[in-house]
Structure formats: structure tokens, C-alpha cells
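Before any questions on how it binds or moves, here is one chain, the form predicted on its own, in C-alpha cells.
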């Protein structure tokens, strides 16, 4: 559309609805992370045309029960503010000429790009209420102990780096934010961030570009050299010894999280196959019910209530999560290390690889079954500046072989052992 502002269309006959999404992507920094969380919360409260959530809801009801939603995500080194509207496709309306797609674009762009402002600031009442809401969200991060343990492990591994920041920000930053300086920040954000607009639905014979161009809020957006980070893992320096962290909270079950670095060369990381080898490695290690961690740590040794692993491509890390009896910490840690060593020795079969591939391919097939999931998939492609269709995705996974997985396993080095106990 304009420099730094991109339109993506997904033409699909699978749904009776159109889903429109606007994503604002900006580099994660300690200075802006809390402000972004607040901006995301405040602009959903009202805009110049619909000044309250009640007015927005009334308009959505008139649009045959259209739904508006928003959210916040951390993708690699980027913070992404997400805004969605889902409405019925015009083909299924009881009468012609209502142009629900046009109305949906208009209300979504109005909410995101023309928020309620007064006296050169956001609405004072909304700002104060959302500051309190964001504060409660931040303080509640300890409520889910497994998620909190993973966050703390990541935070320790990426100290002073964007990847280690909490996506809703920090309570101590809230006191310095007010309606005026947050509105000034919002205007700067809109003028400098990367903007991606996705339209998914039955779009034959629809001139999406024209609808976008006709929208005054979108046409008024300035060209920009967008500020965002290309999401690719970085080459890591070898770590001399693991960082051991023990934290105490009122928990009945211990939470063990072990973070590993994939110490690959820049050339290996840049290779398209790096991501898919990592996915297969992770599936065999702890990504399925037949994985090594699940079978050996949970089923055979009965050392964990849960035992799984995840692969973060954007950061180039493997994370192992286990919920254990607190007195079983050393046993669980040691048997996990044994499974990691077994992977390095190639102690997994072709059948293990095929089972892992089937699981991943099945998950890929499900991407296009949900409109929002498919949109997020292509947003990830956009932010990593790589275009991989779902068909290519399947082929890349199928092409991975045992030697490549074994080589990948040898590059994995322990970084941090985090244990949450009582």
C-alpha cells in the first residue's frame, strides 16, 4: 500500500465469515513494553466515532453480531499489537448492498487509528482504569506457576535483552505514564511501526485494495521506514557452565524449566532447514505423547506429572518443562540430561522420526482450518522475511533426515536450570 504498510489477502471458501486483522509491530524495548500494553488496552475502549465500548458493541450488533477483539504478542524481538474484527461474508446476508466487508474495515480502522482523544491526550478515565487493569495482569503472572517458571527461565537467559521482557510490561513503569504522554507515544508508534493488514475470507470479485484506499483512516497513514526486527535466531557464544536458579513460592508441585542454546554457526542458522530440523528434534525429544521425555521421565520413571519440550525458532532455544515432586528435583534433572545425551548419540529410530513428522504435518494441515491461526502463520513469515507456503512447509519437514537431527542434537548446550519450589 505504502512504504511500511502492507496488505495481505487470503482467499478461502472454508468460512462464512471474513476476518480482518491489523497488526502493529515494533521492536521490544524496556522503555516501550509497558506503554504498548497500555495502548493496546486503551484504544479498544472507544474512538472518535464510537466513544464507548457500549457504542462499539451496539454497532457490532447492527452488523449481524460482528466480533471485535484485540491482543498483544511477543514475536522474537518484536512487540505486536493485534486487532481483529470478524463479520459475516456478504454472500450470506439476507439482503444485498450492505457491504459488511467495507463496514468492518471502517470500524476496525476507526478504533485503531482514530482513538478517543481529548485535550491532546487519551481519555483520562480510560487511561487510569487501564493502568489498573494492566497492573493486575502483571501482578497475576505468578498465578499460573508453570507459565511463570518458563517466563522466569527465559528472563534469566535473556537478561537486558528484548527476548527476556514480559509482554505486559512492569508495574514500576506505570506511575510515569499519563493520558497525555501515552497519547504522544501512540502517535509516534502509529507513524513509525510496521503495519500489516490481513483480510481472510471468500474474496472473489471483491476489490480489497479499493476498499482499503477508500478508507480515510488508512489513506491518511504516512509512509515510513518501519521500525521492526527481522525475526531470525542469532549465533550464540558457548556458555562455560549452566546458570542454576532456585526460587521459592507457595507451590505444592515443583516446576523445573531447563533452557538450552542451539549453538549453530551463522551459516547453519541462515539455512532454511534449521527451523524444520529443530522442529523434528523437539517433537522426538518432548513434543508428543510418544516422545523421550514423556515416556522416560513421566511414564517409566514416574518422576513428573508433566514433561515436555518446546523449540523457539526465533531465539534458537530448546526449553524443557516438568512438573515434579519437589524432592525429585535431582533425579528428574539427571534423567532429562540422559535423554538429551541419548539424542546426541542418535538413540532414536526411523519410526520415531516418522511419528514426529506425522504429528507436525497434521498440525500444519490444521493451520488453514482456523482463520486467525492462518493469519498469524503468515504474519510470522512476514516478520522473518521468509515466504513459505503450507505446501512447502510440509515438504521441508518431510525432507529432514536422521543425520541432520543427530547433528542438531550435538549443537545443544545447557544454559539455565530454573527450579520453582516451596
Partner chain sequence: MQVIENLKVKEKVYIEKLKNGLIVMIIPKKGIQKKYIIWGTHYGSNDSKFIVPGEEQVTEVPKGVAHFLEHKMFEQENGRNSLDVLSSLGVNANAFTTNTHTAYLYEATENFYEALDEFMDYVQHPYFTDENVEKEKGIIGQEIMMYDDYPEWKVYLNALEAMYHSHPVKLDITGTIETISHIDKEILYKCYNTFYNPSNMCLVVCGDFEPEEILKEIEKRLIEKKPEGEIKRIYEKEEETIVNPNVECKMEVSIPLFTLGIKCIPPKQKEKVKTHIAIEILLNMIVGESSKLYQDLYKSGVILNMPSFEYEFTDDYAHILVSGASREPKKFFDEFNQEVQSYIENGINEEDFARIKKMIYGEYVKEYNDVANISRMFLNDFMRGINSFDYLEEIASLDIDYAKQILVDNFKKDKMLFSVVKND
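Positions refer to the first chain, counted from 1. Rigid core here is just the name for the largest C-alpha set that superposes within 1.5 Å across the two forms. Values in this document were obtained by computation on a predicted structure and should not be read as measured data.
The form predicted in complex with the partner chain is left out here; the points below concern that form.
*Mind telling me which stretch in 214 to 222, 230 to 238, 281 to 289, 106 to 114 gets its heavy atoms within 4.5 Å of the partner chain in the model of the complex?*
Heavy atoms within 4.5 Å of the partner chain in the model of the complex occur in 281 to 289.
*Of the residues 277, 258, 81, 303, which one places a heavy atom within 4.5 Å of the partner chain in the model of the complex?*
When the partner chain is considered in the model of the complex, the option within 4.5 Å is 303.
*From the list 123, 296, 253, 308, which entry has a heavy atom within 4.5 Å of the partner chain in the model of the complex?*
Checking each option against the partner chain in the model of the complex, the one that comes within 4.5 Å is 253.
_Whether residue 395 contacts the partner chain in the model of the complex should be assessed with a 4.5 Å heavy atom distance threshold; does it?_
Outside the cut-off, so no.
*So in the model of the complex, does any heavy atom of residue 130 sit within 4.5 Å of the partner chain?*
Answer yes; at least one heavy atom of residue 130 falls within 4.5 Å of the partner chain in the model of the complex.
*Quick one: is residue 188 in contact with the partner chain in the model of the complex, heavy atoms, 4.5 Å cut-off?*
No, residue 188 is distant from the partner.
*asked:* Check residue 226 for me: does it contact the partner chain in the model of the complex (non-hydrogen atoms, 4.5 angstroms)?
replied: So residue 226 does not count as contacting the partner chain.
*Scan 321 to 346 and write down, in order along the chain, each residue with a heavy atom lying within 4.5 Å of the partner chain in the model of the complex.*
Contacting residues: 323, 324, 325.
*Spell out whether the Cα of residue 247 moves at least 2 Å between this form and the one not shown when the two forms are superposed on their rigid core.*
No; residue 247 is a residue whose C-alpha shifts by less than 2 Å between this form and the one not shown when the cores are overlaid.
*Core aligned, does the CA of residue 231 move at least 2 Å between this form and the one not shown?*
No, its C-alpha moves less than 2 Å.
_My question is whether residue 91 is one of the residues whose C-alpha shifts by 2 Å or more between this form and the one not shown, given a fit on the rigid core._
Moves: yes, 2 Å or greater.
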